[in-house]
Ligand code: ATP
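One chain comes next, on its own, written as structure tokens: the form predicted on its own.
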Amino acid sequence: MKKIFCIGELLIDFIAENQGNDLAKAEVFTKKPGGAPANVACAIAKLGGLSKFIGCVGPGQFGSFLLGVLEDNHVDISLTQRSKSFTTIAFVSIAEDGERDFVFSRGADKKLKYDSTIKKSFQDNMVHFGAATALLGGDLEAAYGRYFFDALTQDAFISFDPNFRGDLWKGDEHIFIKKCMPYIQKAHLSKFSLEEAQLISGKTDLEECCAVLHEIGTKVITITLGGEGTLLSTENSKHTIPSIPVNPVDTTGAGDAFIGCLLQQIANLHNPKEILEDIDLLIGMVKIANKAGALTTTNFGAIPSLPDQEQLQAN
């Protein structure tokens, strides 16, 4: 089984209760662990995979709480750093259909320092880059880019998820797109939401989106489509793979559960890159990953809602 290194932010989601989709009216919030790459790391570990998280949290009880959550979910936190800055917080509002409204208060996640001793550990393993806050400058972006170069030179299997957050890039979407390009170019697997695929490709039609993204360089594309399932695209074929029916209450972390489950399955292969040539194998994996994403929407909070193997097999 390959190790999967997940790089990016770990934060606290304060989820607004009983107010629909308007944060301005929210008065009561519930504390939940979050951060897209951390969610992915937990999704992998809860399904029996070997995940290591590379990120940064703050001092005090919030930082300790988050590290404790990762440990409780069997994620290796030996590469996780602590900063003097406060732990990053996201305020999240959820509408009746499960869709979200975000406000970020950034702190320690942007303080991640590059660690050159990690490089050799990437060799013949897998590295997942979740870019929700990683492309916003500072130490995190510098470290992120250097880890990306290390993953390339160590012949690691590379996964990329742009994790676009509109509130963080208002008016600067073109900068976000430009910064995503090197990762999409070199990734073996890229995971997009419909919004991200259309934004980055500049197209609205899904086939045209995929054509542009493949032209940039990524080999395997998954575009998650909510209740409609996932579009799986390689340079030679495209398949829309349905999901299971659920009643969503919170879509936070659904995409992370999907990509975490997909990566966990790929990590069990002797050579993860064989998925580039075996579309039938990929279709079967995406079908299972769809189920993981769907089940995650049936409870509140990303990490607490991630399924384990028993839950996955029971549905």
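Note that residue numbering begins at 1 and tracks the sequence as displayed. In this text the structure is predicted, and so the values were computed from the model without any measurement.
Another form, the form predicted in complex with the named molecule, is not on view; read the next lines as being about it.
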Where does the named molecule sit in the predicted bound form: which of 78-86, 224-232, 211-219, 105-113, heavy atoms within 4.5 Å?
224-232
Note: exactly one of 285, 56, 263, 254 sits with a heavy atom within 4.5 Å of the named molecule in the predicted bound form, namely 254
Tell me, which of 93, 201, 193, 125 has a heavy atom within 4.5 angstroms of the named molecule in the predicted bound form?
193
Does the 4.5 Å heavy atom contact test between residue 244 and the named molecule in the predicted bound form come out positive?
yes
With the cut-off set at 4.5 Å between non-hydrogen atoms, does residue 16 touch the named molecule in the predicted bound form?
no
Check residue 305 for me: does it contact the named molecule in the predicted bound form (non-hydrogen atoms, 4.5 angstroms)?
no
If we define contact as a non-hydrogen atom of the residue within 4.5 angstroms of the partner, is residue 63 a contact of the named molecule in the predicted bound form?
no
Partner contacts in the predicted bound form for 275-299 (non-hydrogen atom within 4.5 angstroms of the named molecule)
290, 293, 294, 297
